[in-house]
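What follows is a single chain, given as structure tokens, in the form predicted alone.
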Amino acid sequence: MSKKPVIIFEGIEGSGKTLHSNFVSRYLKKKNISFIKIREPGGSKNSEKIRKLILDDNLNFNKNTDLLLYLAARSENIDLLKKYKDKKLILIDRFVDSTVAYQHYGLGVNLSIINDINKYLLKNFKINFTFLNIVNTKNMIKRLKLRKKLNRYDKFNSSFYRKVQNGFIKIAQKNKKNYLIVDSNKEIKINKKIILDKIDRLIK
């Protein structure tokens, strides 16, 4: 594996993926390791503008429009990601598997369409490792209630998030070698150590 891998953090709302990706960012800074970190949707200037549309609580796109907006946001990031591939470690908060989990498993969009467009956009851009944070419904709801502001994707019903999380788990089971499932119902410090230990192994 490259010493400057592409590392993804996945999971449903309230799963702790952003928290842990931030822990990793701070850890890499302390070790003076060069990296870039982006989120999806978002990351680049144009992608952030598309993000605002996607998450706007006053808008209600149909599932195909939602998919195309997410992929448009990704399209705006590809040049940036390819520019730094193998030059800097890359951290991404949500990526291709989120599109499959939410748009296919959650909303029922045809999987072939999602895969075909992603292949067209990514071409030979490869992911090295993914951390999947999972959470039970009770803790997810508890954590969402603590947020000061909820966006459109924070307001689906519990059955939707279960479908999405089960979708993530199916993806992980097909890619066991390059996936680590993190039980975010456990104490934060336990998972932080598990993730940082894995990061050390990935960059050696």
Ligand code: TMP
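For every residue, the number given is its place in the sequence shown, counted from 1. These figures come from a predicted structure and were not determined experimentally.
Not on display, but discussed next: the form predicted in complex with the named molecule.
Residue contact with the named molecule in the predicted complex: residue 35 places no heavy atom within 4.5 Å of it. Contact check for residue 133: no non-hydrogen atom falls within 4.5 Å of the named molecule in the predicted complex.
Residue contact check for residue 53: none of its heavy atoms lie within 4.5 Å of the named molecule in the predicted complex. Contact annotation: residue 20 falls outside 4.5 Å of the named molecule in the predicted complex, judged by heavy atom distances. Proximity to the named molecule in the predicted complex holds for all of 94, 102 and 151, with the criterion being a heavy atom within 4.5 Å.
Figure note: of the listed segments 172 to 180, 56 to 64, 25 to 33, 151 to 159, the one touching the named molecule in the predicted complex, with heavy atoms no more than 4.5 Å away, is 151 to 159. Annotation for 61 to 91: interface residues with the named molecule in the predicted complex are 70, 74 [heavy atom within 4.5 Å].
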